Structures are given as C-alpha cells and as structure tokens.
Ligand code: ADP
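A single chain, nothing else alongside it, follows as structure tokens in the form predicted on its own.
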Amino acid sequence: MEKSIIKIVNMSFKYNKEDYLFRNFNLDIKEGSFTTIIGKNGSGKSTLAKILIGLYKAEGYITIDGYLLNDFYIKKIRRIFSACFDNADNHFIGETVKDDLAFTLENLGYSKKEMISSINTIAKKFKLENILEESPEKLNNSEKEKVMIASSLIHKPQILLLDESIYKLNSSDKKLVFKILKEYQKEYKLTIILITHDLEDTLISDNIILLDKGKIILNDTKEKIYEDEKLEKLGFNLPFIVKLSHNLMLYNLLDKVYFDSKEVMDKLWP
C-alpha cells in the first residue's frame, strides 16, 4: 500500500480579511511520487507551497510524513522537506557556491569529512566543479538555479518542492536537472512537487494537479490528463508532443498519447 507523505484534510486559508482562497481543501500526495501543479495566476499554487513549508498558517489538518504541521514539529519537517522558490538570489547564504552547499550540512551536524564528500558528490552530479569557489554574483541565472536545487538536495531530503524555480535553466541544464530528479526519485524515493506555468515541464512528472482559485479541477496521472483535450479546452497550450500525438491518433498512426519524441519516431518508423 502506498504511503501518503503529504496529507491535507479540510484546509482553509485566507489573506487577512479577504475571502477564503482555500476552503475545505483536500489533497493527498504519495511518497516517491512526482507531481506537477499547474494553474493560472491567482490559482493558489504558490500560496499552497508556502503553507506546506510553514510560512503561512492555515486552518485544518496537514501532516508531512506523519508529523502534524505546527510550530512543535516544524523543525523536524524542515529537515525532510526542501523547497526552492522563483528567485534564486534570495536562496544564497554563503559567500561562495561551496559555502552555500555546506550551509545545510553544517546545520545538520555533518562532520567535515562528510561535508567534503557530499559537496564533491553533488558538485559532480550537477556539474558545478568549476564554480565552487565563485561568488553568487558571478553566476548566470541558470547556474544560480542549479546551485539552489543542488543545495536543496545535498542532504537527501524526503520531499523537494520546486516553485517556479526551473524556468531560468537553459535547455542543457534543465535536461540535466530533470535527469537528476528522476534518479533521486528512483534511488531515494524522493517525493517531488513541481509548480510550473510551462506544461512542457509536466511531461517528466507522474501526476498532474490543476488548481483554479483554490480548488482542484483535475488531479490524475499525466496519461489520463492528456488522453483527451480537457486542458486545451480550459485555455492551456498542450505540450508539443501531446498535440502531435492527438493529431496522429486522428489518422490512426498512433494508438495513444506519447510523452517522448524518440518513442514517437520509433513507433512511426520501427
């Protein structure tokens, strides 16, 4: 039986005297899953992210890996729950990339030997070896986002939340980061929550959630979400490979929606 690592029951939240953004909101995210949350501006995506890491307090019942989300357990939760937001500059604490990677490990009580080993491993994985001694000001936007994500993964958390924190990655860096995320998901049962405005990013995930004004409109596997044109009817631009699949299905050239261009090529020209 799959374990729920994030469970939200009857959650409600509003800003000051405004109307409720979330009202009796329920969500269940399974351990080791990769979920993409999409939605237009004002849908509640980033607010939900801030609630989950304890920056905003909401009414209702929320547990993270069995711990009730409250002041008593927040320190335990933040050891297992890493989050990256849309401004990588705000993430940096150390004077160099190496210092930034070391910061979390120092707080968790790693020995110097363990820290050196962990930094070398993550730097090699993210291809950061040549910029370890650089200050954040000298990095380009793609490098900053890589360092931010590497820093969030260095202690092998159980949950990683990425809130619009990959859109400044260049194409090669994004491909590398996605490859690493899938490796961590498989090897360490990492639960990944990706909040994005770009539906192309949903292709790497297992599940897709569509939020609209604090309500879940769609919540299913990407296969079921993309087997019809619901998202397109709701005003979203479908990923290119999904639209291509639908068009080729009309001519009986494909029998299902594909998420990888190579698989389409192999199917059409075996």
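It should be emphasised that the depicted structure is a prediction, and the values quoted were computed from it without experimental measurement. Start at 1 with the first residue shown and count on from there.
The form predicted in complex with this ligand is left out here; the points below concern that form.
- The closest heavy atom approach of G66 to this ligand in the model of the complex falls outside 4.5 Å.
- This ligand is not drawn, but in the model of the complex it has a heavy atom within 4.5 Å of K45.
- For M11, no non-hydrogen atom is located within 4.5 Å of this ligand in the model of the complex, even though that partner is not displayed.
- Although the partner is absent here, K224 sits far enough away that none of its heavy atoms falls within 4.5 Å of this ligand in the model of the complex.
- Shown here without its partner, the chain carries F178, Y184 and I204, none of which come within 4.5 Å of this ligand in the model of the complex through any heavy atom.
- Among the residues K243, K30, K40, K230, the one placing a heavy atom within 4.5 Å of this ligand in the model of the complex is K40.
- Only one of 45 to 53, 232 to 240, 216 to 224, 58 to 66 lies within 4.5 Å of this ligand in the model of the complex by heavy atoms, and it is 45 to 53.
- Although this ligand is not shown here, in the model of the complex the stretch 17 to 33 places heavy atoms of just one residue, L21, within 4.5 Å of it.
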